[in-house]
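Next up: just one chain, as structure tokens, the form predicted alone.
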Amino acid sequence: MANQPVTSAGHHHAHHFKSADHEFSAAKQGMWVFLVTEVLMIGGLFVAYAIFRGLYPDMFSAAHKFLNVKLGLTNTIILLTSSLTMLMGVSSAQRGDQKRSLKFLAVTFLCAIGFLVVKYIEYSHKFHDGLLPGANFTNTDPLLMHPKTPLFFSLYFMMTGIHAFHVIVGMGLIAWIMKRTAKGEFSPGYYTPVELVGFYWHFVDLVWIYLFPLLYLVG
């Protein structure tokens, strides 16, 4: 994205920045650093998954069949849609079209709610069937008799649970920029918060794009 103009109506950069452009560049760099730390945290879980899948390939193959691919695909479509609406919301903010930006941000927020509702349905089914982490695993299906089967569901709940937490955080951030958008605080000269929240949301969506095939399709 092109840097924002040095000046913007209604926005005065903080005193420790040389200009509004300097403030925007620093904020964007800070967001990228934050996202790198997020990759390091989530990447550890992906590495753990790869190691244990290599150790117990047959168990992982059997266990992943108990995940609901249709619900996982539904959530994938929901998040891909939300990425598009977030992109349109940011683009509208950059052009100064606050009403259009607010509309797209609202749709993104609704998509996030839809994602969590689907995840709640999926989790509820797992709880009912005893497909739980560690010592809480009580399912007696013959296909899940491997002693390490609870490990798969421990990773499943950990990885999808952390992702769901990030979705909830994203909803709070979207609500925050929606409130500021409604107040007319953003313009073509100042839209830093909207763009940075957009970066965060696209990251959350990208993580799911990796989680879905890894857990639901590949096993």
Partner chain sequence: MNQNETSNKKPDQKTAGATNGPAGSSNETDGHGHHHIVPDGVALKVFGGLICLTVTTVVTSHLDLGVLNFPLAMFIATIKALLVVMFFMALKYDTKENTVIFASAFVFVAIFFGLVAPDIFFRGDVYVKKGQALIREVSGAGSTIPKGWISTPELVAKGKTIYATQCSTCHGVEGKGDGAAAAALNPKPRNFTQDAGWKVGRKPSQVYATLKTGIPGSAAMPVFGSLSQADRWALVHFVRSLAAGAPEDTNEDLAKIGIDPANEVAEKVAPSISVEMAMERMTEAPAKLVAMSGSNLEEGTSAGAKLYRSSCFSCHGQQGSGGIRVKNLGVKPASWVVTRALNETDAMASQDKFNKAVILGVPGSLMPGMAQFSATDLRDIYQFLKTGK
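Because the structure is predicted, anything quoted here is derived from the model rather than measured. Positions refer to the first chain, counted from 1.
Just so it is clear, the following notes concern the form predicted in complex with the partner chain, a form of the same protein that is not shown.
Q | Within 4.5 Å of the partner chain in the predicted complex, all of Glu122, Phe127 and Ala175 (non-hydrogen atom) | A | No, none of Glu122, Phe127 and Ala175 comes within 4.5 Å of the partner chain in the predicted complex.
Q. Closest heavy atom of Met88 to the partner chain in the predicted complex, within 4.5 Å or not?
A. Yes, Met88 is a contact residue.
Q) Contact between Val39 and the partner chain in the predicted complex at 4.5 Å, heavy atoms? A) Although the partner chain is absent here, Val39 would touch it in the predicted complex, with heavy atoms inside 4.5 Å.
Q: Verify the contact flag for Met145: yes if a non-hydrogen atom of it lies within 4.5 Å of a non-hydrogen atom of the partner chain in the predicted complex, no if not.
A: Answer yes; at least one heavy atom of Met145 falls within 4.5 Å of the partner chain in the predicted complex.
Q.
If we define contact as a non-hydrogen atom of the residue within 4.5 angstroms of the partner, is Ala50 a contact of the partner chain in the predicted complex?
A. Although the partner chain is absent here, Ala50 would touch it in the predicted complex, with heavy atoms inside 4.5 Å.
Q) Can you name the residues of 31 to 58 that have a heavy atom within 4.5 Å of the partner chain in the predicted complex? A) The stretch 31 to 58, when checked against the partner chain in the predicted complex, contributes Trp32, Val33, Leu35, Val36, Val39, Leu40, Gly43, Gly44, Val47, Ala50, Ile51, Arg53, Gly54, Leu55, Tyr56 at the 4.5 Å heavy-atom cut-off.
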